[in-house]
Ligand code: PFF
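The chain below stands alone and is given in structure tokens; this is the form predicted alone.
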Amino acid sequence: MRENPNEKKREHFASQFGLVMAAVGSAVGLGNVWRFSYITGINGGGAFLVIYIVCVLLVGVPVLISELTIGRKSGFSSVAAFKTLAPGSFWWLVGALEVFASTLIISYYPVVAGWTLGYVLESLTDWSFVTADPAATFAAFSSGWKAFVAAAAALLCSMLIVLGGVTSGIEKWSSLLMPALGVILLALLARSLSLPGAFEGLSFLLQPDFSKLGVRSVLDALGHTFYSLSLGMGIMITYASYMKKDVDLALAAVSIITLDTLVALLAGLAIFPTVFALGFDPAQGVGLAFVTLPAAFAKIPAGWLFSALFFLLLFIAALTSLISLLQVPIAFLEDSAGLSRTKAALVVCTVATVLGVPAVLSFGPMADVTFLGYTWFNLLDTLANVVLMPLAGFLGIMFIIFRFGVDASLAEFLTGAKKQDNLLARIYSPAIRWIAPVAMSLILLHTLSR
């Protein structure tokens, strides 16, 4: 295996805290606050939470470890990492799938991020408009000119942060935004638990009723595990390439998984007591955040303030994810094409804009325009999340097993570890050889059969 010629010039995260905040910021996106809450509601609450945690431990942990070891061992971002560890082979295509998936997500993710930013402003300036008819309000906002402006603002904010570089941009802002997210989440949690009738929401989330589970619930938990930890997008490989060799990957992996799962749990604890206390249906699906919760906030004193805080929470989660998504194709262009960060960012921003404009229009003038039966927004989302991410994740596991080697990955994982016999190291080998491939096969079959 060749040495990384750019190792001395490559930026590194300045601290383990900054690294963990950046990685957690990537994982803690809209998926953990918004998506986790509504799929938990659809799948019956506490029982789904138990299954999700089991899936995180048995599937999420080994796949996360694999991606971290690939990135740090190679010292490169996604495509170049596979070329470095398996020169002259076709494995670089796995990295290409990840870069492609990230680029597609960057194209439509600012649309949803823009909704959250817009709702912060609407909650503060025109609360009666938000609450008069929440469903009609969301339809009007997502199809109007404000959606364009908000999406552009979200993309611009994340791009400016990434242009600052790994240390001064990504690490600095992630270290500020993630604690801020935690404070807002705790404030919302305190308000939610203070509502009369909140206990019913706590019971829904914390008292498992396994009779409500089906095969679909388990498959949803598997799929969300992969989605929530930012796996199969090249993010963790790219971030790990900026890690120093003395970083304890075991501690980093445990921190990422623990904080990611904790945020999802706290989000559920903040949302479901409010929904139950105010008499709403927890199984509202994707409308839970933009329709149900504004209607719920309208029923409590100073609801506009808690609505603004909630959507600010969502925007911070979306922004930190956008930062990490942008870094994947930018790092690819830096490593593989030799572009400067500024030029690479301009290329990525241009592509995202070209693909993103029709994504915004999918909720307005292009709502009736379909491609293979999907609107442009849904086509990008389906291609990235249903096809490319699970496929890249499965092939990544195959790479570890058949080319890089489970033992080599484990050796890299233990480099810099303070405890050589840690629990993650002991479960990694059987999990990545047997459990993860079966789980990823099920995810692929489930998603492709939709």
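Numbers follow the displayed sequence, beginning with 1. On a predicted model such as this, the values are computed, not experimentally measured, just so you know.
Beyond what is shown, the protein has a form predicted together with the ligand; the following relates to that form.
Not one of I70, S241 and S336 comes within 4.5 Å of the ligand in the model of the complex, counting any heavy atom. In the model of the complex, the ligand sits within 4.5 Å of a heavy atom belonging to L30.
Within 4.5 Å of some heavy atom of the ligand in the model of the complex lies at least one heavy atom of S230. The ligand in the model of the complex is not approached by A308, whose heavy atoms all lie more than 4.5 angstroms from it.
Not displayed here, the ligand is approached by S321 to within 4.5 Å at the level of heavy atoms in the model of the complex. Only one of the listed residues (I105, V263, L155, A359) places a non-hydrogen atom within 4.5 angstroms of the ligand in the model of the complex, and that residue is I105. Interface residue among F332, F82, F272, Y109, judged by heavy atoms within 4.5 Å of the ligand in the model of the complex: Y109.
Here the chain stands by itself, but in the model of the complex one stretch of 30-38, 402-410, 62-70, 43-51, 30-38, has heavy atoms within 4.5 Å of the ligand.
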